[in-house]
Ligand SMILES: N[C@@H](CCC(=O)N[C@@H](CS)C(=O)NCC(=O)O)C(=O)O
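Only one chain comes next, encoded as structure tokens, the form predicted alone.
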């Protein structure tokens, strides 16, 4: 069985829990206290991932770090439908593009959340400004897609691109990044939440985080 080295409050760990729930893939959680325990920097964990970062998966001895890379691996190795990472070259190119955007969201919206929630010493204005710039681009992309009858980031159906981008967009208000001016983005969040086997994490369903105008 796959082992997921996991912290319940990490959006990057959550996107893996979410994806494995969506495809019905069983796994074992191995708790790692990110804050305040900082167990991801302990010697024992550094032997698993020398970068000292979460998440990490161990699939019968195959160890892989980085949330986006793990999504690609899980979708390729464990999704027999190949729905979530289609083999079409153009779709895969678009998925890869959005996985890169997910990293940018992590460096901005997630960093703002770490600043506000855990007092990480980030430049909060720069984080929020960058996140708003990203969200404006995503808003335009989704709004154009809705006009064309497409509700997802990379294809006509949901892919790992949507899973990768979802957590830190939905949790953005925890970093002071409100979603009131992004109606298409909020509708996309609701579509993700409506997927069969969707699961949440702390903050996703909280009244102040749910993507309503504010």
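Being a predicted model, the structure only gives us computed values, none of them experimental. Positions refer to the first chain, counted from 1.
Here the subject shifts to the form predicted in complex with the named molecule, a form of this protein not shown in this document.
Site annotation in the predicted complex: the residue of 29, 181, 150, 41 reaching within 4.5 Å of the named molecule with a heavy atom is 41.
Within this chain, residue 177 is remote from the site of the named molecule in the predicted complex, having no heavy atom within 4.5 Å. Within 4.5 Å of some heavy atom of the named molecule in the predicted complex lies at least one heavy atom of residue 106. The named molecule in the predicted complex is not approached by residue 58, whose heavy atoms all lie more than 4.5 angstroms from it. Although the partner is absent from this view, residue 166 stays clear of the named molecule in the predicted complex, with no non-hydrogen atom inside 4.5 angstroms.
The stretch from 184 to 192, 169 to 177, 50 to 58, 155 to 163 that comes within 4.5 Å of the named molecule in the predicted complex, counting heavy atoms only, is 50 to 58. Residues of 66 to 80 lying near the named molecule in the predicted complex, listed in sequence order, are 66, 67, 68, the criterion being any heavy atom within 4.5 Å.
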